[in-house]
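Below, in structure tokens: the form predicted on its own, a single chain.
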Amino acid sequence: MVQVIEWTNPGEDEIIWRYPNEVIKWGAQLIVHEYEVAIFMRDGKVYDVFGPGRHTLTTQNLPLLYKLVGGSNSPFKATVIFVSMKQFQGRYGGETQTRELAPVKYYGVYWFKVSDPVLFLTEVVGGQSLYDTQDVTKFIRAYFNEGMMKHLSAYSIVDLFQNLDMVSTQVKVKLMEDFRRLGLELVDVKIEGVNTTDEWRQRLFWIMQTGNAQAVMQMDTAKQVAAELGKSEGAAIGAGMMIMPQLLQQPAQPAQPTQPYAGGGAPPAGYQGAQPAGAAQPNQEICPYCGKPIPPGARFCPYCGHEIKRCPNGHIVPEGAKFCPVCGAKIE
């Protein structure tokens, strides 16, 4: 009876399949379906590779193994691994720290496929002794997550919450290089969400309001002042109102030299000298939860859906605040 070596009915999430019989007869029929590759291994080393088609195993198309068994026509031992070349999807999630050591949770999805089956077999399957799809998938997910933790830790918390699309693109490029070393192609990466603790959300709010991360590092002191103010309404209008602006004051920026009017005669109406490109709009409001600009007076953020807390005079206040840091109004 002719020996038939074939991967029948592979599952959608199966990356590899190991032919259970390691004794191979000359003249056996090897059937490799579309989007598959069959690789012959022995002692953890790759010998011969077959693409899609029906192959009769002879001494001609298994030259390396034939040489290894000393030119014998007797059945020989080899491990046959089928590798799927289709695209796969994986989900990830984990925790890391930003550049300022802020704790961050993240999650998302990624897509990948095998680009170099020989390298993949050498580095992952043979190198890690993983001959089961479940073990290989688990290894790839852990490898991806480890890289994600490493690369995200190089960014600031403001970048993660305010420039997530940019971070996703840059991290994807770095992870592509990591995957290429395993014979894998990282097709795409999508970070679906990031989160941090309440304490760091408040710090993020003040970083975006003041534009100065170093000043916000004093928030612990500011919170202590706010707590003391909560004990006495009179103190809020007295010493507290003097202290809070100092804590949140931005450093003075160097003055921009005014560009002289280059035209002839009197300058046109409304001319006030050159303005820096991309200057911030003075009335622009920022969502304290996701960091994106919101319409003035908005009650809910159109991007993340959080309710925007305001004082009686309409100023945005952080979650849990007892007094407005802008006008000093008491928050009921």
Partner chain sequence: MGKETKLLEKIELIVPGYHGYKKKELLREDDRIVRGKVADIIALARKDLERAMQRCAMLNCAQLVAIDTMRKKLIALESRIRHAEAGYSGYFDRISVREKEIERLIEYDAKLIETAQAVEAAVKRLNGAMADPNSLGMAVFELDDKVRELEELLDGRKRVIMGD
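Residue numbers count along the first chain shown, from 1. Computed from a prediction, not measured in an experiment: that's the story for all the values here.
Missing here is the form predicted together with its partner chain; even so, the following discussion is about that form.
For the candidate set T169, T197, Q128, Q97, a heavy atom within 4.5 Å of its partner chain in the predicted bound form is found for exactly one residue, namely T169. Exactly one listed residue, out of E192, E185, E146, D132, brings a non-hydrogen atom to within 4.5 Å of its partner chain in the predicted bound form: E185.
Although the partner is absent from this view, R180 contacts its partner chain in the predicted bound form, with a non-hydrogen atom inside 4.5 angstroms. Contact annotation: F300 falls outside 4.5 Å of its partner chain in the predicted bound form, judged by heavy atom distances.
For D43, no non-hydrogen atom is located within 4.5 Å of its partner chain in the predicted bound form, even though that partner is not displayed. Although the partner is absent from this view, V173 contacts its partner chain in the predicted bound form, with a non-hydrogen atom inside 4.5 angstroms. This chain is displayed without its partner chain, yet in the predicted bound form the stretch 30 to 38 from 292 to 300, 30 to 38, 43 to 51, 60 to 68 comes within 4.5 Å of it by heavy atoms.
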